[in-house]
Ligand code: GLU
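Below, in structure tokens: the form predicted on its own, a single chain.
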Amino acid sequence: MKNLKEVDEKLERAIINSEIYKFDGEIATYIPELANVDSENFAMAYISTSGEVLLKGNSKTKFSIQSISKVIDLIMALEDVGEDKVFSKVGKEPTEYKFNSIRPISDKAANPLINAGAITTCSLINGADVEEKFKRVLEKVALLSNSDDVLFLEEVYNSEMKTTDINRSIAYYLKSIGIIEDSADEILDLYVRNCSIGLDVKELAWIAAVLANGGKSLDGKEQLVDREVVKITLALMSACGMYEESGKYLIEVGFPSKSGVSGGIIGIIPGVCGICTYSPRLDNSGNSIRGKKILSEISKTLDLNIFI
């Protein structure tokens, strides 16, 4: 691995080169609260598996993690009920359809990193009710992000709950065919709450670095996520984490990633580092344009592609 000074120089160069894309794409407006962000905001964090930290841009900005929460949903479902139960209800394959499509559902949702799959994995998180389940999710996020400042962005939650008709229809359909067993309304509530968790790029990159470290804390003292759960999670992030363009992205960037429509992308380079970029302008698939450009460049300049 290159020294931290060289990494810093390559990050700075990638950020400068990405400035030509900062006006490309559109922010997500179908969740009204997301339309209120500064569309030109930018932040980035790089954290090595030994805990070295590099921060760029407006790194203190908190934003809703949106679909990055699907990674946490999957981890907790696997820990709570096991691999066999999870994959009896949700598949493992990429999909050509949009992240909020109902079409990939037959006897199960296509994968855990689209909306139908994440609603399903939310239904497998243990807890007596929504409040207890969400409390456990917040505790898990706090543990993995090494943060005591994990937020619940109620404005985002309320905004999304008012406009989540497609996800509501997905939840009811999943309930009608027996994929989810609990109340569709309660599971949808938990799903949207998880999407409305507020973190900054350092906190998200810390989660990514823990996964890059095989689920161990960055001081090496504690196994925070079982290694088998990490293996499954990273494999699915590689295949499905960037929605219907996951294959193209994997060829160009070459490491497991997950995006969210608020503009965040996390990347995991096993044994090396975790990365998070934040830039709210999106492409047609719901992925940050500037974030993708930066990750593509540093994959090449820092030799981060896991396939070569």
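Nothing here was measured: the structure is a model prediction, and the numbers come from that model. The first residue of the shown sequence is 1; numbering continues from there.
As for the form predicted together with the ligand, it is not shown, yet the points below apply to it.
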Note: exactly one of Asn111, Ser145, Ser238, Asn167 sits with a heavy atom within 4.5 Å of the ligand in the model of the complex, namely Asn167
The one residue among Ile31, Val253, Cys273, Ala43 placing a heavy atom within 4.5 Å of the ligand in the model of the complex is Ile31
TL;DR on 59-67, 245-253, 273-281, 43-51: the one with heavy atoms within 4.5 Å of the ligand in the model of the complex is 59-67
Check: Does Thr95 make contact with the ligand in the model of the complex, using a 4.5 Å heavy atom cut-off?
Finding: no
| field | 4.5 Å heavy atom contact, Asn115 and the ligand in the model of the complex | value | yes
Note to self: I'd like to check something about Glu160: if you look in the model of the complex, is any of its heavy atoms closer than or equal to 4.5 Å to a heavy atom of the ligand?
What the structure shows: yes
Would you please decide whether Cys195 lies within 4.5 angstroms of the ligand in the model of the complex, comparing each non-hydrogen atom pair? yes
Of the residues spanning 243-263, the ones with some heavy atom within 4.5 Å of the ligand in the model of the complex are Tyr243, Gly260, Val261
